[in-house]
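Single chain ahead, by itself, as structure tokens, in the form predicted on its own.
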């Protein structure tokens, strides 16, 4: 790249693509070269490298897991918001949870949910709000597992503290019930209520690695994640989701994602909601 601060050849770009694919299963498109340069330049600057070639050498040979994590963090996108793709939460509140309440007897009041690719936490906290609003106050064993590859966004999620503009579009009753407004030096910030935080366990997880949890999960949110994977990787991932979901469990994917010609183990319910059928 002419006039650039760091040397960044086509070979360097292909090498970065190969490393991120090997480490995280992410397939970077041809048009992501400028994004890669912009995001990784900060890492080169901080670590004192002058060329991408040297930085890639370091990633592949040093065994420095911390820098490899920073590399992945730099190249992953974490766009999210509370109740993003609101139809998913409407389905959860009006159909899925009421159906579970009706179908489960006194001895089967266990619900397990996985937010896979939870980013900065808005998704699992939105799920928790719906659970608290719909389920009876007592008698249910409910847990949410929230995972992400990016350690930085997970730290934000676990803190549960957000700028006011992240929640300002929520209804006034929800704001009063589920968020605590900061005062004085914390003015302009809100903290998620303990009743929501108590439902969620945050863990770092690479979806390409072995999964330590055994399930079964009643529903999985994996939204706007598989768009970064190639078709063979998507096929593997959806097979693994089907294996860890309960019979007739539900899978939620992003608005631009589809399981068409990727797996036959899910039946579409509409609006990017699927139910395990095999």
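Source: prediction; values computed, not measured. Numbering follows the first chain given and starts at 1.
We do not show the form predicted in complex with a small molecule, though everything after this point is about it.
Checked against the small molecule in the predicted bound form, the candidates 196, 144, 92, 153 yield a single residue with a heavy atom inside 4.5 Å, and that residue is 153. Between the small molecule and the residues 200, 129, 205, 111, the one pair within 4.5 Å by heavy atoms in the predicted bound form involves 205. In the predicted bound form, residue 245 stays away from the small molecule, with no heavy atom inside 4.5 Å.
Among heavy atoms of residue 84, some come within 4.5 Å of the small molecule in the predicted bound form. Taking non-hydrogen atoms only, residue 26 approaches the small molecule to within 4.5 angstroms in the predicted bound form. Using a 4.5 Å cutoff between non-hydrogen atoms, residue 224 counts as a contact of the small molecule in the predicted bound form. Partner contacts here mean any heavy atom within 4.5 Å of the small molecule in the predicted bound form, and among 212 to 220, 225 to 233, 54 to 62, 33 to 41 they occur only in 225 to 233.
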